[in-house]
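Only one chain comes next, encoded as C-alpha cells, the form predicted alone.
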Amino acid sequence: MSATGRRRARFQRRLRWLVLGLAVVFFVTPLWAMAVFSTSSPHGVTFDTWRQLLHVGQLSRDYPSFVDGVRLSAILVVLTVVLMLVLLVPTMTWVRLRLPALRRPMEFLCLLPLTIPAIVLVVGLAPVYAWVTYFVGPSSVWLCFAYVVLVLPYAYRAIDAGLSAIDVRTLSEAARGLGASWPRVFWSVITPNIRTALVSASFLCVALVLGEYTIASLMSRNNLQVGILQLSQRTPAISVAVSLAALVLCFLLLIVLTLATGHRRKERETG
C-alpha cells in the first residue's frame, strides 16, 4: 500500500472512532443523567426507587394506573405484532407473485401514515372507535388497530427488504412444481427465507407500541407512556427509572436482534 493509501486508511479509521465516540456520548449521557436522577436522594445515592420497581405487588397497590398501563402495553405489543404479520406478509407475498402492478399503490398506502400527523390520525380514528366501542365494548385493547396503521411504514420497509432479497417467484414455482399447496409454499418456503425481516419488523412494532403516547393520551386510554406521565406527576424518580428501564429493554432487544441476525447470516455463509 502506498503512503497516500496508508494515510487515507488511518484518517478513515480515526474518523470512524470519532463518530463512534460522539454517538456513544450522545446516547449514553442522557441515560447516565437518568440513572443519577433515579438514584439520588438528600442523603446520597440510594437504590430505593429501583427496589420499588421490583416489588410488583406493592407497585400495584401504590400505582395501580401505571401497572394497568404496563399490562395494556404488553397486550397491545402482542396483538399489534400478530395483526401486522398476518396482514402484511401474505398480502405482500401475493402481490409480488400475482399482482405486481399493485406494488406501487400498496407501497404508497403503507407509507402514507408517515405523512399524517398523529393528531390528524386521532381525529380520523375517533368516529371509527366510537363504532368499535358501540359494537365490541370500550376495551383499550382495540388500540391495536390504530397501532397497526402506525407501524405499517416501518414494517412494510423491513418485510419488503426481506422479500427483495430472495427470488419469491422462482421459489414458489419450484415448490408448486413439487406439489406443495399455496399455504405450504407460504409457511415452509417463503416465511423461513424472510425470518430476519420478520424479526426486524416485529422489533420495530414493539419499540413503536411501547413508546406511543399521543394516540393513547388523546383517546383517554392508559398505556405505558401515559402511565409514566401520570407517575411523573406523583413520583418523578420512579417515572425516570421506569423510562430508563424501558430504554434499556429496547436496547437489549436491538442487541439480541443484531446478534441473532449476524449469527444466522454467518451460518448461511459457512453452511
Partner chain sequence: MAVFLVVPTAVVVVQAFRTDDGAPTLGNVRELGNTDIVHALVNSVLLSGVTAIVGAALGAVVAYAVVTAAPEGLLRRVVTAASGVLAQFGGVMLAFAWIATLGLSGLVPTLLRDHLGTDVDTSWLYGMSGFMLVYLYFQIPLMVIVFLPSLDGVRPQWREATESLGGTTWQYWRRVAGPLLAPAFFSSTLLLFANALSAYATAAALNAQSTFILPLQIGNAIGSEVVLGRQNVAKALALEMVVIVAIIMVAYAFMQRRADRWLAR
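Note that the coordinates shown come from a computational prediction; the quantities given were computed from them, not determined experimentally. Numbering follows the first chain given and starts at 1. C-alpha atoms forming the largest set that superposes within 1.5 Å between two forms make up the rigid core.
Beyond what is shown, the protein has a form predicted in complex with its partner chain; the following relates to that form.
> Counting only heavy atoms and a 4.5 Å cutoff, which of 194-202, 179-187, 105-113, 162-170 contacts its partner chain in the predicted complex?
Replying inline: Selected stretch: 105-113.
>> Under a 4.5 Å heavy atom criterion, is Ser65 part of the interface with its partner chain in the predicted complex?
In response: Contact check for Ser65: no, nothing within 4.5 Å of its partner chain in the predicted complex.
>> I'd like to know whether Arg16 contacts its partner chain in the predicted complex, with contact meaning heavy atoms within 4.5 angstroms.
In response: So Arg16 counts as contacting its partner chain.
>> Even though the partner isn't displayed, in the predicted complex is Leu99 close enough to its partner chain, meaning a heavy atom within 4.5 Å?
In response: Heavy-atom contact with its partner chain at 4.5 Å: absent for Leu99.
> Contact between Tyr156 and its partner chain in the predicted complex at 4.5 Å, heavy atoms?
Replying inline: No, Tyr156 is distant from the partner.
> Pick from Val86, Val78, Val128, Ala174: which has a non-hydrogen atom within 4.5 Å of its partner chain in the predicted complex?
Replying inline: Looking at Val86, Val78, Val128, Ala174 one by one, just Val128 meets the 4.5 Å heavy-atom criterion.
> Core aligned, does the CA of Phe251 move at least 2 Å between this form and the one not shown?
Replying inline: After core superposition, the displacement of the Phe251 C-alpha between this form and the one not shown stays below 2 Å, so no.
>> I want to check Tyr213: does it shift between this form and the one not shown by 2 Å or more at the Cα, with the core superposed?
In response: The answer is no; the displacement is under 2 Å.
>> Please state whether Phe26 has a C-alpha shift of 2 Å or more between this form and the one not shown, with the rigid core used for the fit.
In response: The answer is yes; the displacement is at least 2 Å.
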